[in-house]
Each structure stands twice: as structure tokens, then as C-alpha cells.
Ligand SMILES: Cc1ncc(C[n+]2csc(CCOP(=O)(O)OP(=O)(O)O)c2C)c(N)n1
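One chain is shown next in C-alpha cells, namely the form predicted on its own.
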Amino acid sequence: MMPLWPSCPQGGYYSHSPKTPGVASVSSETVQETSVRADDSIDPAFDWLKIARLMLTSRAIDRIEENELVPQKKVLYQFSARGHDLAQILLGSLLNHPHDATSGYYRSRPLLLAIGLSIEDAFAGPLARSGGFSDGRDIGVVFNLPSAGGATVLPMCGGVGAQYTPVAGWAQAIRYHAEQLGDDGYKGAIGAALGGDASVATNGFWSALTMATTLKLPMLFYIEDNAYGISTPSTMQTPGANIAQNLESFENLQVLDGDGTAPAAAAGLIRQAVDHVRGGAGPALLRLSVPRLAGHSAQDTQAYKSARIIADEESRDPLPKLRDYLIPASIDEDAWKKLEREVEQEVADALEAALARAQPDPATIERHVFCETGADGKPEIQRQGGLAVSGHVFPESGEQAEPEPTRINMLTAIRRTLEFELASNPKLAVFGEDVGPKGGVHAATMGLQEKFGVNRVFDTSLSEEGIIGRAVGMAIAGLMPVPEIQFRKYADPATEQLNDCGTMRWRTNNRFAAPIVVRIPGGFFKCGDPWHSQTNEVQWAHGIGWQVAVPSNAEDATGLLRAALRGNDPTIFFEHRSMLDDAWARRPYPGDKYVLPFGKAKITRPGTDLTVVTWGAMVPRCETAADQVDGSVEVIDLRTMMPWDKKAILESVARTRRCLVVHEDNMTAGFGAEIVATVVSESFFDLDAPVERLAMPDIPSPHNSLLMHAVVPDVAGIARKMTELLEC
């Protein structure tokens, strides 16, 4: 028989404090509170009347949604916080530093109310009305809250566990601002990540835990254990169903565990955890057992719970405990009833105002995918995230190259660009696996750590989710992170963080953005293989909100990388392994001022009879093939895939009346298909021949050199395809 509460022992906490440097000692004390005792004193660290007001407010909102708005189908997604609310409010009341940040999940509205979310916005989000934190674009329980002098609530996401690594990034940014930039205003700030017991099984949790403990970051892991992940018990999420017990031996981590429904005990544990992190002692993990007094969501009947379990949950409701804790020690019965009436009226008024809001305007739904320019010609800057918010001023730049006499390879161009931008922008940081003393597996960061220090060029744990999630948090905190993913295939574990980063501006309706530049080498080299030679850059062209650069040579790499590092949108910067030291790709360094705008293709070889569109390592092959055919071939290097220069291609096709797209990525659903579809749709009557593609077959890159060269488009194959079209 399954235990009644397999993951919720009634109290007890486990505290780690250093015994000697680098060694943790464990002390244990039982903290139990099932009812308020006569000798309880009110904890003076909290404004208990405000906490009571917020608690009653949260309950009233949940009740109205559950009993009225969901049945009326005015709210389509509802996640009740009943049972979780008291402890969240206590935590939120302590997140009062102007550079604190937190992120939670779909059951975190009480925390938001404590930080400053208005009751009207709390209703408007689930009602999908205009304004608020997403203007109806995101699910109403996926919150965000830009700082208004207090804590920032990082944009939440729908993925379980995805909240942890951005908070770790924010915590690292706190240290960066305080120590590297000398901003004393960040001292004492913390990052707090909220998650349920099921979230401790995710990659994000463990990646953030590794970051926080190895770097001793000011981060609090706040785990609400209600014993279930939807219907799956905590015994299936972590051995023994108690993450606090499992982490007793973790180095550099204070672990606390107790009852989140008991006002005095919960308040003491939360204060202890926050004080520990805020005092600079490193990260802490606080696990609080709480009841989930409703289904996982409004649609969940909880048929998987027995009547005994439900009755036990109801007996642990923190609201009656809070009432008994405050009466008569703090207020009397009449004052409590008056407070209830006041809250009911406030909530009713806020609901009326939220319902009176207009529906979001469909005419604006495509706005804010990228940073936009307003009618006044100025960028419409997000409220939080990136360098633009602070008015950061970059050195002078322009599109006019000032070439040096000596040609350099693309690898050197990337390194020199990073070096100049690191020197001129103190908020820029480069990091990833092996980028420090080793200088990167491709040597793009060689010598940069020695020159700029370990705070600005540093190695990370081997977790791509952690690398990108960390970058997101750092960007929201006002830095310019430049994470490196060693090979294109290795970005797959970070897909959720990359997706959330790209959609952030749109789903928060331009409240938040996280401009980062993700450097990703890939493509074939001396050989291929399914793990290091993948391109698949089309995935990020399809990904919402990402700029994508695929330079073919040293000059373009310099200009595009500098544009990305000084831009206000997240960018994937694809570095083709075969071109890093390719002789054709060598160019004179164009100077430290050179910036190449995105969305501007280049005609590398003019022609009149056939347009060939290509990018990356295929550009020199197409140029060589063009020299071998009987006809005038125009070769266009696309250079960026998002945005891409549709105008240049259509103008070229109008002249040549033929088009061939060549790329290394697989044929099916490659970016060439998008170009072909556009040409056929918009230049159909200009064409004298079918639009054709040449690409890899739909297989991974083979390792054997002979096999690889058999499938990657080569000069001979490209020339044959050109001839076919020229003879049409």
C-alpha cells in the first residue's frame, strides 16, 4: 500500500554549515507544528497583516476562478495555488532587494502577489485580456514582472524545470555586477527559483544545482512538495521522495526541510534560507511540504487520490492555521472578519475591472518578435533585459571596411572580434565548455581568459541547458553573454532554453528580452559524423525570435559577429568548421569598426543566366563550379538566414530567369525549400526553368571520408546541376 504522504514528513530540516573549508557538516533539528501553541510569539520579521491580506486575496482569486470563471469558460487554464499560498507569500515578502529575482511555475501566483502583481492583472492574465504580462499571448499562469524598484520575476515558461538555470544565470550576474563592474548596489541580492517536487527530476534543476554549488552562487532553490506531479507520486521523482534528504551530502549547499503550512515554522525556515543566501554563504535548498488542495489543474478530477489522502490534505490547509496563529496574538476575531470583507470587495472590484478590459488587438499579434523601430525612428526597447535598456553606448561603427594588408583566417577573425568587444564592453562575457585555458576546442577563444580574466572568459559545467539558461538569466540582468556550444548537435539538450529565449520578447509583449549571441561550430571538416558535423541551421531560422548568421569568410564573420554583439536580439552565430582555416575564406581583417547588417546578402560572382543561392561552406564550391560551366552564373552568398535578403534574390532571378539553391543541410525541409517557395510564389512569371535544389540526402553526415564526399554537394555535382538548368 502506498504511504499516505510518501514525500511529506511532518517537519524536520537538514542544515549544512562548513566545518572546515570545503567540507560540510550536517546538523538536524525537528521542526513540527500542527497547531498554534499558546507560547507562540509572532515573528517580527514579517508584516503578518499584509501576509493575511495577500493570503485571503489569493484564496478569493482561486475560488472565483474555480467556481465561476472556469465553468463559464472565461478562464481556460487554471492552476489553483490553495495549500501552496502561505509559504510563497512569506518568501515573496522577503524578496525586497532591488536586484533580487525569482522565477516560478504555473502555481506561483501567490508569490507574484507578494512581490507586487496587481489583483487586476492577476485576473487579466488568465482571462487573456489586454495589457498585463503578455497581452493575451501566453497562458495566464505563465507570469513575468519587470522590476519596479523591487524583485524581478523572470519570464516563466510552460516547461517543468526550465526556470532553474536562468535564475542561476541571474545569480551569477549579481556577482558579476558587484565584483567585476564594482556596483555595490548588487551586494546582498539573490536569485530564487520555485519548483514543485516533480521538477527536481529535470535536467534544469540538476544543471542549476551544479552551477550554484560549484560557484557558490547567491541562489535559493525553493521546492514545494505536494507529493504529486499531476498524478505521479513523488516516489517516482526522487529516491525516497525527499530531495532534501538526498542532498544532505551536497557540497556548498545549505539544505532545509519542513512544513510549509505552519506559519511560525515556515516563516523561520524561509527567513533562515534567505538570510543564508543573502549573507553570501552560498546557495540553499528549502523543501517545504504543502498540500495541493485542488487538482493539478481545473480539469483534474484527482481520481487517483483516495478519500483518506484528500481528507488529510484538507486538514493541513494553511489558511486556518494562519488565522489561529494571528488570533488573538496579533488581531481579534472582528478585525479578521473585517479584513475578509475588505479583501472580498477589493477582489470583486479588480475582477470587474479585468473583465472590462478590451480583448487584445489581433492587428498587433505579429509585433515584437524582434526589436522594432517606432514611428519616431527609435528602437522600441524592452522594459528589461540586455544592454539597450541601460542606454549602453558602443564604440563607433560602420559598414565601410578598413582592411588590413594581411589576410587572416576566419578563426582569427572571430577571435579578434571577440577580443575587441571584450576590451570595449565590460558587460560582455564569453563562456562554455573548454573556452578558458584550452581556448575552445576550435581555438576561437585562445588567450582570451589570460587577457580578460576568469570572470569574463570562463569554463562551464558540461550542460548545454545550463550554458544557455545561464546566458538567458545574465542577459535579463543587463549583461551581454556569449555562450559557446561546441558542436551543432550538442545544442539539442538546450533546445527548450533556446526556444524560450527566442520567444521571450513576443510572449511578454516587449516587456522582456534576452539578447545573447550563441556561437555554434558545425558542418563537415576533414571527415564527417552524425555528432560533430551536423548543420541543421534551419532549425533556428524556424525558431521564433532568433537571428541566424552563417558567414562564409573572415570579413563577413567579423562584421556579423560584431553586429550581433552590439544588437538587441538573440543570435545564433554559426561557425562552419571547414571554413575556419580554409584558404578561400581568408580575408583582410576589416577593422574594429566594421559592422555588417543582418539580412544583406552578397553577390560574390555576377552573372546573367542563372542565380545560385548558397551560404557557408557551399559558397566557394558554387563559385568554382560556376567557372566550369558554359554560361554566366550569378552566385549569391546569403550570409544570414534570419532575416534573409529576399529582395536581392528576387531581383537576381528577375535578371537571370533561373534559380538553383545549394546547401549542405538535408534536402527535406532545409532552408532551401523556403527560398524555392518564395521564388516560385513571387517570381513565377520571371522563370524560364524550374527552380531546383541541391543538398545532402536525408541522412546524417557519414564519418568515412569517401562516404562523406559522396553525399555533401561537391563542385562536380553542383556544376552538373548548373548545366542542367542552363540548358533548359
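We number the residues from 1 along the sequence you see. Note that the structure is predicted; figures quoted are calculated from it, not measured.
The same protein also has a form predicted together with the named molecule, omitted here; what follows describes it.
Interface residue among Glu433, Asp121, Asp637, Asp197 relative to the named molecule in the model of the complex, by the heavy atom within 4.5 Å criterion: Asp197. Residue in contact with the named molecule in the model of the complex (any heavy atom within 4.5 Å), chosen from Tyr228, Phe452, Trp546, Trp506: Tyr228. Of the candidate stretches 220-228, 402-410, 654-662, 419-427, only 220-228 has residues whose heavy atoms lie within 4.5 Å of the named molecule in the model of the complex. Looking at Tyr106, you'd find a heavy atom of it within 4.5 angstroms of the named molecule in the model of the complex. The named molecule in the model of the complex is not approached by Leu339, whose heavy atoms all lie more than 4.5 angstroms from it. Taking non-hydrogen atoms only, Ala298 never approaches the named molecule to within 4.5 angstroms in the model of the complex. Within 4.5 Å of some heavy atom of the named molecule in the model of the complex lies at least one heavy atom of Val160. Of all the residues from 568-604, none has a non-hydrogen atom no more than 4.5 Å from the named molecule in the model of the complex.
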